[in-house]
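Below you will find one chain, with nothing else, as structure tokens; this is the form predicted on its own, and questions on how it binds or moves follow later.
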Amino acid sequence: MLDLIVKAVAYSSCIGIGAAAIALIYSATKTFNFAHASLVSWGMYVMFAGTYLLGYTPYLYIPFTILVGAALGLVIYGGVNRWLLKAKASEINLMMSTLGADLVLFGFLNIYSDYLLQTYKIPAKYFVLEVKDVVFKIGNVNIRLIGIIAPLILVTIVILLHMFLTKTKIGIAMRASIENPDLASVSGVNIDLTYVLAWLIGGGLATLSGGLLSLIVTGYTAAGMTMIVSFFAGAIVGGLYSIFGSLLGGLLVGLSEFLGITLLASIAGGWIYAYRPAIPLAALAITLLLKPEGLAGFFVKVRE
């Protein structure tokens, strides 16, 4: 039971990080980022390739995983999103453009996995990086380090984002442009720079969540696509316009999904695992029907 709870907290922390990436990009640019799926998968493969090719602990490659995601975020923004925003494209067009970017990233990721398999003879199609994690004992229970690292990283991100958005000039300018871009632009805020920062940070958080998830679930090129519902559900449950609400929403959705399917399997049997995505999908649907603004809307009313 302890191992299950620790693993659930680790998984939900990763979902929370990824959900915050979706909320940040949407709140800044009104772009529902479907490329998030392949960014998550790229994060998995960066951790996998570093560990299998260079050795040492997978955690050593976390900074590089973030850098790759930030770079890919900049490529998507500079190559696609920036021009559509300048042309004042609709939210649907912005969203569909990221679906195209996702397919391109997915294609290159498959090429990369084939290259790793053919050249280095490592299991790049399907891999279980969990076996490379550090294990320690609490009583008679084996606990993996990811159960501690993932929630610690989540807390660190909350602190760093809060400091960035409230204590730095560029962070305050970014908040102003998110809340009222026209007024911020008239006040001298460089809106394009805030868009760049949103994609830079959002891309880094997306691959970070994928890299950490590779120590919990099986990694493969379409892994991000299979989990995309959980990330979007976390962002919507928390509130698409709230980064911190999405962190909380992702945490709650991840816990509900991981512990919920385990409970259902203990009652109905192992066949129920195939329907695991139904749990975050149900959370997403219920939120949209009953409280579209998510948890962030509730906190705003409490403050008022």
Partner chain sequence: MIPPEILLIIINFAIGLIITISLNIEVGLLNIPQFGRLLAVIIGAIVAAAVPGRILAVMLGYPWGVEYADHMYNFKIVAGINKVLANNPLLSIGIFILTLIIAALLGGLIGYLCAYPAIRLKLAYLGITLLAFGDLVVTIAWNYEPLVGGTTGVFVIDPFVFTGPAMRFTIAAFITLIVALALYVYAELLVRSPYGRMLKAIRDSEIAAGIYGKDIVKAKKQILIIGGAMAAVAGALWALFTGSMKAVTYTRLQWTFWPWAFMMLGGVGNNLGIFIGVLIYTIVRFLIIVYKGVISTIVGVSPEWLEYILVGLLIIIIVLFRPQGLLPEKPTYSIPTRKIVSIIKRVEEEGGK
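Positions refer to the first chain, counted from 1. The model shown is predicted, which means the values in this text are computed figures rather than measured ones.
Another form exists, predicted in complex with the partner chain; not displayed. Remarks below refer to it.
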Checklist entry - Quick one: which of 152-160, 104-112, 179-187, 138-146 gets within 4.5 Å of the partner chain in the predicted complex, going by heavy atoms? => result 104-112
Item to check | is_contact(residue 275, the partner chain) in the predicted complex, heavy atom dist at most 4.5 Å | outcome: yes
Checklist entry - Within a 4.5 Å heavy atom cut-off, is residue 192 in contact with the partner chain in the predicted complex? => result no
Checklist entry - Would residue 170 show up as a contact with the partner chain in the predicted complex if we use heavy atoms at 4.5 Å? => result no
Next on the checklist: At 4.5 Å between heavy atoms, is residue 93 in contact with the partner chain in the predicted complex?
Outcome noted: yes
Checklist outcome for this item: Answer key, the partner chain contact in the predicted complex at 4.5 Å (heavy atoms) among 229, 200, 216, 116: the residue is 229
Item to check | Listed residue that, although the partner chain is not shown, lies within 4.5 Å of it in the predicted complex (heavy atoms), from 52, 59, 32, 244 | outcome: 32
Checklist entry - Listed by sequence position, which residues of 79-93 have a non-hydrogen atom within 4.5 angstroms of the partner chain in the predicted complex? => result 79, 80, 83, 84, 91, 92, 93
